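Next up is one chain by itself, shown in structure tokens, the form predicted alone.
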């Protein structure tokens, strides 16, 4: 029988622990460490936990379950799964794959920076001026908008060499397969990450001024709860930190056994991700409190978000800490592990899609993908303008691409093709924790409404105000061009004939003829 009609046995995680650790490894990434603390501080401090928890329960977990249900029931990466919902929806799957492609090429660069700073930590090589070291000596950042052009091909060896190593490592992991590569990497790195970061947080709590930093983070501003922007920020934080709506959880859940429990592991993953974010907030603000006390400034005067928190503020903190080299190595080692496991999950989406669509072997798909994307990554992000390009692509792909992908998913799967009852039935048939009808309201109303508000708000902002004050022509190509590339790529990948396996029967059968109540719900 030809490959067009018969599917090869699908790879599977060996059990629940391997799947949970891999899903946590994907969700817990760089954003947990450097995004959550700043977002919480700017949106009501301790009071932010109220909308954050509500967003987790009404949007994060429901859309995570939607991803799990799609991947597990339709047994494929994003294009395969959506194609089995409705043929033309394969393009939505490729839209999600394109998001992963664009994120992977710059995310690898950040992992490479973290790897370099892990090495620098042992000698505290950044000296007394971490900012000058990061942008000057390490990145050799061009004077964009001034003497230098916005895009150069002046390569920086200190970035290029670690970046090549990251790509070789991630290709090796993916080529080894789901169990021997993806699962094994996460089983090793995630416990190590928890231990390393846990030691760092405990040490931070005993630093001089730590309590002042925690007071800044957790002092509640209850008036913030009346601000709609705070609620949007909470939904945005949950949404971006769970790795949902761009193919990762669909792909990972497709590698579980057909009768595997899905919802209980989903709850473990969601609460573990939020727990790590809270841990990161405590560690980061304890350390910021220490730095503020050493420099005689307030915490508000320091950089506490994004790339500068990790590569400028934290090295400065480490330089002033007793045993700084050891704790610097712990911090940047944690960044490498968190970033690497997330990068593996992002590229697994691309590899799985290529294997399934073009009937490629895992090794061929991984090597082909790795060589092409690795070359693009090196060309774009190991140059003197790499930081500016990274910053721009990240902002547009995350805030427009991923949000639009989630809206499309809810609209087409829930409203247009009315698959929500079938997917809920599937989750309940294989899981111990049952999903109630409340889930329909979450994925059909709350999630798309909040995301549309976020999307419209961000697009209007970007039209009115150039991102970071960058050149508008540059933003047209690098920012809006990245968004356009998502759509173009989705169309181009959808056009070729599907060469992979096509024979498929969803299990369990829906609607079950022996259950009149489910049949009645399915007929609505």
Partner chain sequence: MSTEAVLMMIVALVIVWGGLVVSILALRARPERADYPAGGEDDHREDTEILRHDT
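Model, not experiment: these values are computed from the prediction. Residue numbers count along the first chain shown, from 1.
The protein also exists as the form predicted in complex with the partner chain; that form is not presented, and the subsequent description refers to it.
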Partner contact check in the model of the complex: of 388 to 396, 243 to 251, 365 to 373, 216 to 224, the stretch with a heavy atom within 4.5 Å of the partner chain is 216 to 224
Does the partner chain get within 4.5 angstroms of any non-hydrogen atom of residue 271 in the model of the complex? yes
Does any part of residue 152 reach within 4.5 Å of the partner chain in the model of the complex? Heavy atoms only, please. no
Is residue 53 close enough to the partner chain in the model of the complex to count, meaning some heavy atom within 4.5 Å? yes
Please tell me whether any heavy atom belonging to residue 258 falls inside 4.5 Å of a heavy atom of the partner chain, as the geometry stands in the model of the complex. yes
The partner chain in the model of the complex reached by all of 279, 432 and 503, non-hydrogen atom within 4.5 Å: yes
To verify the annotation, which of these, 453, 267, 297, 119, has a non-hydrogen atom within 4.5 Å of the partner chain in the model of the complex? 267
With the partner omitted here, the residue among 39, 30, 49, 485 that in the model of the complex has a heavy atom within 4.5 Å of the partner chain is 49
